[in-house]
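Just one chain is shown here, as structure tokens, and it is the form predicted on its own.
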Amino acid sequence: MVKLNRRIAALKPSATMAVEGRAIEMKAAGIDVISLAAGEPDFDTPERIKEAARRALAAGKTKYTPVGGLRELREAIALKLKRDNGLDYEANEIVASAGGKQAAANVIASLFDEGDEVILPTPAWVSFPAMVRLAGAEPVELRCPQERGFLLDPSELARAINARTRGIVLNSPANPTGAVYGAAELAAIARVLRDAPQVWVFSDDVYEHITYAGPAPHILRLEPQLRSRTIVLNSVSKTYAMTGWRLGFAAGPREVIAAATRLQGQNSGNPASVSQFAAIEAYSGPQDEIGVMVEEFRKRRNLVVERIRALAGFELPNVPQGAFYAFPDVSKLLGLSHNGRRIADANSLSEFLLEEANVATVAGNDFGAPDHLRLSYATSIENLEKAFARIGKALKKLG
């Protein structure tokens, strides 16, 4: 048996990627699978962005760049942060990485160590606990119940902070729940964090533009005093339908960004040069296509909410206010069975739906909610209609 690094040996595959990978394999085998698993917009990357990449290729801009990204890109990101969020950053306070995931992992590894605790309001994106553990720190899940709209209670946050607490990750709009913090709710959390000077704040803004009731407020606009210990995370993936381009960034205090850049210099080097030129256009050019995509997501969300609420055993009291996920409660289905197979948790329900309905979903287990199921509506209305018809038919087999 090969002896692996103990942290890598304990590392589980990403739940979202594992399900999507299995769906792809089934499709390759000729099975008609509809995926509601992938957090990937089905829109094409806007033509203006693809054209910027073509120009870069034609000009031979395919060489190494500075590890943390071209200065022109980091300046474009700084302009984006000012335009969209009202935040002031300089180019040397920004590192561009191969996706928002790498940016987050590098900063987490740079800031935290053995004995540290990082609070994760749960349900939380599946990769954050793994990133924290790989740094040697301990993720502390702080449950945000459905009854509160999956939002963090400031008083519970205050009680959870102790001498070992070194960080918290805030994600709004949220994956997997679609929850969005209002200004008053976020300001209350900011006040708690203002009085905990040892705590670093990670603001995961990846879904910032995909909202259905106005812009999502930013914690640094509400509480500028937190800037010296806040990391802003974002990427081009969701906003510009650029998931495969792998380009994200972290913005924060210069010393932390310099540390994350040093780490990136050892574990990967610069993000792809052509992707950087495409991202410059994404951030600097016209932003009209964002609104078009969001309006389509709104139509899909409305359909998905209606279809979920018509499914026996599914409950969705909270309408998603952002992102492109619904996170229904499926606890009423737990304990049912089909052909001797018992539905013990969301994992087994997800497996049942993949095998019996040929619909891929993501169980809530690795998000910290084993009685919920994540359904992505980043696919066409036609696919959504087919998927829910199949799910409804499959559920009738349970008893």
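Residue positions are given as counts along the sequence shown, with the first one as 1. Computed from a predicted model, the values in this text were never measured in an experiment.
The next section is about a form of this same protein that is not shown, the form predicted together with a small molecule.
When the small molecule is considered in the predicted bound form, only one residue from 125, 181, 327, 314 comes within 4.5 Å through any heavy atom, namely 125. This chain appears without its partner; in the predicted bound form, the one residue of 238, 74, 80, 301 with a heavy atom within 4.5 Å of the small molecule is 238.
Picking from 272 to 280, 100 to 108, 254 to 262, 153 to 161 the stretch near the small molecule in the predicted bound form, with a 4.5 Å limit on heavy atoms, gives 100 to 108.
At a distance of at most 4.5 angstroms from the small molecule in the predicted bound form, none of the three residues 112, 117 and 165 contributes a non-hydrogen atom. Of the heavy atoms in residue 231, none are within 4.5 Å of the small molecule in the predicted bound form. In the predicted bound form, the small molecule sits within 4.5 Å of a heavy atom of residue 204.
At a distance threshold of 4.5 angstroms between non-hydrogen atoms, residue 175 is in contact with the small molecule in the predicted bound form. The shortest heavy atom separation between residue 133 and the small molecule in the predicted bound form exceeds 4.5 Å.
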